[in-house]
Each structure stands twice: as structure tokens, then as C-alpha cells.
Ligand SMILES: Cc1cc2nc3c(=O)[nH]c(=O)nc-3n(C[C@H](O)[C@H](O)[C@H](O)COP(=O)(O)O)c2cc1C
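What follows is one chain in C-alpha cells, specifically the form predicted alone.
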Amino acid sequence: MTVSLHSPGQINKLQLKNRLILAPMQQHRGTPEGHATDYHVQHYGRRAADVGLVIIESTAVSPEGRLYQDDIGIYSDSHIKPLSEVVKAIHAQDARAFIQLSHGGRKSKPLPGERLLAPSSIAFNDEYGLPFAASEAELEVLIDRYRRAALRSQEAGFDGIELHAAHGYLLHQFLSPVANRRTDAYGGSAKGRLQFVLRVATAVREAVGPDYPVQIRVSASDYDPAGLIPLQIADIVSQLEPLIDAVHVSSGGITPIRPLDVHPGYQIPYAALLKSNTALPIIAVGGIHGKALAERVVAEQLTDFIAIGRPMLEEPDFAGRLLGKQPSSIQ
């Protein structure tokens, strides 16, 4: 059977009406306390109409882990009601809603008095400053933060969760030898560096149950000779496979090093490699904005879903035009 952008898809037992996903992108409109607002209700509701799934922006599991001080969070029960209004707006457009659970680690913007935590005391750059190497006791607290955030996500009505282990944030930091120089059980080898992510995924899965979708976003390449490469990420995914339901494939972010060549679909080879190494559904992202390219990579089963970010910030109806529902110049 030929698959197209219009074809229904599935993550765990959740049915999606098509293969298009709104990628998570920060809106910088949270309250000082990390609450979502009417802006988020309008923003996500407006963009949900023609996609099968909306993944809302990085949502902090802990106050010191916000990527920016105007981020939204889900680290207290007071966050549940505002986020539930966002979910209702997405559901009103016949789309499903995932929340991206995140902690920035050494790339956080903590408030005065909050600790900048990371696997090791290695700075991302001068702007962020030198983090504290998290103690094992602090890591236990963070694992519980993810667990509680997962339960709150369910209570808010989200249809699933994405664990943010890409772009140089905390979970990615534990995976990468660039940022993780620990010598305890959470470092020292590829197996050790996986342990924190494995424990977070286990805690989340145990909290939400086997039928609730949990996916992970990964950076397939660190773009650094000392960092992770796609085959290593494929091995990490294979070890996480019993706990997750899909993989959202991005790249970079563990250091300021950027890819040398960013062209339409430049991350598709990473998605295709991971798809060839796992039975899990794969989400590709990164400049897949042309109809012909998007249809081809889905039809050729290089990926299962296409995530679109920036074009939908600028043009809320972009997905509808990509699907041919409106007159379009998108090729």
C-alpha cells in the first residue's frame, strides 16, 4: 500500500489522521511562574487544523531547568489547568496533542538562587556559565520530577509525551561524552551515560502505563569529533525501544558547532538510518517544506511522519497548503 501525507498514522495505540506534525518551538510567552496563557491556546489551536499531531514547545519539568525564563513548565499542579486549555483547543481541530518534557541542564536559564545543573561541571559556553555536576541525590529528585510531570501531562489531557533528549539539553548531555565526564554509574562508558535517560524513561513509562504514547527526540549527530554519531544513537534507541513508542530525529546542539551544510531535508538520512535499525515509527524534521520532498520520503518509507516548525510559525495554514487543501505554490 502506498503511503502519503494524507495516510493515517499510529503511535502506540493512538491514531493520527495524517502524517504531518507540528514540531515543538519555543514561544517565549509563559508567565514568570511558567504558566501557559491564552496566547498558547490561540497559537496552538490556530495551527492544529491540518496536522495529525501537535507537539507543544519544550515544557520544563523543574523550575531551574527552563530553557528561558519565559518558558512554560509543568513542575507544579498549578500548571495543569492552563495546559488543559491548550489541549482542548488542539482537540477542537481534530488533532492530537503531545507535550515535550524538558530540562535544559547546562543550557538552562535558572533564576537567581537556582542551581545550573548538568552531568559534569563543563560549560556549554561563556553565556551560560559553569554548571554544577548534579549529585546522585539531585538526580533522584530530577527523575521524580519527570515522573510527576508525566502524571500531570495525563491529567491535563495530553495524548502523549515527548522526552526531549536532543539539542544539547539535559538528557542529551547525559548521553554525549562531550558533556558527560562522570565516573559514577551515570558515566564512564556508553552504558553508563545511558543510565539516567533509561531511568527517566522507565519512571515515565511506569507512571503513564503501557498504552500511553511516549516518544523521544534525539540528536542523531553531535557534529563534534568527540561526540555521538548516528550509529551510536541507533544503538541507544534500540536499548530504549521497550520503553518508547516513536523517535523524533533531529541533530546538533551539544556544542555551539553547527552543521556545515543545511539544505532542504538535510536530516532525512539520519531519520532513514534510524528507521532501518528499529521497528518504532520515525519522525523526520528539518527543512522538509516542499510537497514533493515530503511525499517522497513518506512514500519511500524513509520516515513515517514529517514534522514542520518554522513555516507554520509564519503561516498557520502551511500544513493545509502542503496537503493540497488550499491553492498553493509549494512544490
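Computed from a predicted structure; not experimentally measured. Numbering starts at 1 and follows the sequence shown.
What comes next is about the form predicted in complex with the named molecule, which is not displayed.
The closest non-hydrogen atom of residue 58 lies within 4.5 Å of the named molecule in the predicted bound form.
The closest non-hydrogen atom of residue 100 lies within 4.5 Å of the named molecule in the predicted bound form.
For residue 275, no non-hydrogen atom is located within 4.5 Å of the named molecule in the predicted bound form, even though that partner is not displayed. Proximity of residue 310 to the named molecule in the predicted bound form falls within the 4.5 Å heavy atom cutoff. Taken together, the three residues 167, 217 and 289 all lie with some non-hydrogen atom within 4.5 angstroms of the named molecule in the predicted bound form.
Of the candidate stretches 275 to 283, 25 to 33, 45 to 53, 292 to 300, only 25 to 33 contains residues with a heavy atom within 4.5 Å of the named molecule in the predicted bound form.
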